[in-house]
Each structure stands twice: as structure tokens, then as C-alpha cells.
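A single chain comes next, written as C-alpha cells; it is the form predicted on its own.
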């Protein structure tokens, strides 16, 4: 890969980030009256719901802080604004975000009144990295302490993440999902990067083993979304056969990022193989793009939205394929990156109002005009644009162009 090609990638993604995506959120999201951020918007940025979900508030804290901390954005004049906006969210969550146990609520009113109980551990996962990244940016000790306390609560809760809000019947054998081990890798890696500690490394190592040894289905060449608690797969239920290509691919770049730091060629090789398998399995050969959900046996899917094409699935796959290519040099991964780029940039960006559309029909038409909602937020898109720009910046350095460990 020639440095000039990396230069073009970096410029494209950095420009989209700074001129199209970040300005949309800095203009529409801040709630300077009550604190935190609005995040449910129509196409033009009109607010369509004023409640505040903790996943999204915490993700925005992380993203604004991450922009401030990025090594390729140190000369941007907006950095002070980004830090102030990160503080706007951090102060709101400090004041209203947690219950008496220190667990983060799922949703608040715009004023900060709890609306939905803290049943969802992912609120805590995003709060942990949000406060940690903000602490790195600001030097705020209270935020650092909240991040560490929240991380410990995650580890204490992870075997029974929903606690008293769990609806499964006692004595049954529920399925075990991919989401928590993959998120625990990501959260722990953020902590390990900012504050190295053998405890984080051990947790990461254990969760990587869980995913690669238990969730990777070598018979069907996919990553399962749910497995049996005691081991193995279940093909007798919708949930057991459920495949989420985007989740599996996202988990692989989480793991590759760790493996690249460790220079672990064995883990990189296993991720490389699984990534190619999941891209092949998830790609819609008729209409293009990656499916949202699939059934491992090709049965009718429970979710009626199964054949939609979602923004985050394609963005996570762009990260994974470029990272995988840089680590292995496999031209097949570069070909996938180009293929995904062509589809993604053709269908998702909104040239009129900025930001990107999140949901497409199977044939690539816009299904929903919202630019932000209870899941679409200031996270997957700016994170991908920033990471790809950063990876391309590495590619422009002749001493780092070949990152191949195989």
C-alpha cells in the first residue's frame, strides 16, 4: 500500500469528521439549560425526543474527550469546545446519572429525573470509558475515580448483569450473549491504554478466550451471538441461531487492537480468518451491503428488520478490514475495505443536512430520516472516521507502513 493512498484516506475521513459530522452534533446536541445532550433528531437536527439515554450521554462524553485527546487533532481550534462539551455531559451524569449503588440509570428526563432503572450494564460500560477518557483530557480526579468505581461494578455484576431486573426463570439455562465479553474487552483495553495494570490484561485475556474459543463457530464459519451457558450452540431456537454480523466483526477489531499492541501473531491470525468468514457470510450478494441480522441455518428470522442495512455495521467493518489489512498484509482484506467503502459512502452520508442516515432498506433506500435516536448517536460514525484517519496517518509513516506480524 503506497503512502499516497493512505494520505487520501486520511484526508477524506478527517474532512468528513470535522466538516460534516462533528458540527452537526456540536450545533444540535448540547443542552445548556439542564446539562448533558439531546440525541433524538430529525434529518435537519430538529429535536424529536428530549429524554436522555445513559448509553448515549456517556458515549458522547467519550467521543468529545477522544477528539480532544487524538494525536492527529492537536492543532484543531475546536479542541477547547470539545473539552467543554465533554464536561457538560460529565457534570450532568455526576449529578443525576447513578442510583444509590453507583449503577447508571438507563434513561433520564431532560432535567435529570430517572425514568428507567439501571437494569442495563452497558450504561455502566459506556460511563466507565466516558469518564476515564474525560479524566485523561481534563485531569479531573473525580471523573477518574468514578471511572474506576464503575469499572469495578461492571466486573462485580457481569455474571448476573441484570440483577433483580432479570426476567429469566430461576433454574433455567439461559443463553449467554456475545455483547458483554466483547464490551469488557473494549472497556478494559481503554483502561489498560490509559492506566496500565495487570488486572486489566488478565480480564482482556480471559474474554478474548471466551470469544475465540466459544463463540466462533467453525462448522458454519460465523461468530454466534448467543451460546449455551455451559458450552456449545443451540440451533433449536431463534435466539440460538441468531447471527449479528456487525457485532461479530466489531468484536474482532477489539481483539485485533489488543493483539497488535501485544504483537500476538496467533490471535491476529485467528481474527484474520474469522473476519473473512464473517464478511462472506454477512454480505448481501444480491443487493450489496451487510445484513443486520441473519439465521445461521438460513431459517426465517424473528426480527422483521433482519434484512436492513445499518450505518454502524458498515462502519465497524471498515475499521476491522483496514486494521486487519495493516496487520496481515492480506490483499483480500484491502479488497473488502474498498468494497465496503463504495457501498457505505454511496448510501449513508446526507449531503444536504450533514451527518449520515442510519437505516436503509435491503435495496439501499433510506428507511428512516432520523439522525439521532435511542441507539443512533455521536459514537459509531465519529469513532470510525477518527480511527480510520488515525490508522491512515500511521500508514503515511514509512517506518510504520508494514505492520504485518504474520
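The shown structure was predicted, so the numbers you read here are calculated from the model rather than taken from an experiment. Residue numbers count along the first chain shown, from 1.
Missing here is the form predicted in complex with a further copy of the same chain; even so, the following discussion is about that form.
Q: Indicate whether a further copy of the same chain has at least one heavy atom within 4.5 Å of a heavy atom of residue 354 in the model of the complex.
A: Outside the cut-off, so no.
Q: Is residue 374 near a further copy of the same chain? Define near as a heavy atom within 4.5 Å, in the model of the complex.
A: Yes, residue 374 is a contact residue.
Q: Any chance residue 82 has a heavy atom within 4.5 Å of a further copy of the same chain in the model of the complex?
A: Residue 82: no contact with a further copy of the same chain in the model of the complex.
Q: Although a further copy of the same chain is absent from this view, report whether residue 350 comes within 4.5 Å of it in the model of the complex, heavy atoms only.
A: Taking the distances in the model of the complex, the answer for residue 350 is no, it never comes within 4.5 Å of a further copy of the same chain.
Q: Can all three of 10, 18 and 283 be found with a heavy atom no more than 4.5 Å from a further copy of the same chain in the model of the complex?
A: Per the other structure, none of 10, 18 and 283 touch a further copy of the same chain.
Q: What stretch, of 340-348, 46-54, 65-73, 27-35, brings heavy atoms to within 4.5 Å of a further copy of the same chain in the model of the complex?
A: This holds for exactly one stretch, 46-54.
Q: Could you spot which one of 241, 247, 314, 272 gets a heavy atom to within 4.5 Å of a further copy of the same chain in the model of the complex?
A: Of the candidates 241, 247, 314, 272, 241 is the one lying within 4.5 Å of a further copy of the same chain in the model of the complex.
Q: In the model of the complex, which of the listed residues (288, 329, 177, 114) lies with a heavy atom within 4.5 Å of a further copy of the same chain?
A: Here the answer is residue option 114.
Q: So which residues in 59-86, when you check a further copy of the same chain in the model of the complex, have a heavy atom no farther than 4.5 Å from it?
A: If the 4.5 Å heavy-atom criterion is applied to a further copy of the same chain in the model of the complex, 59-86 yields nothing.
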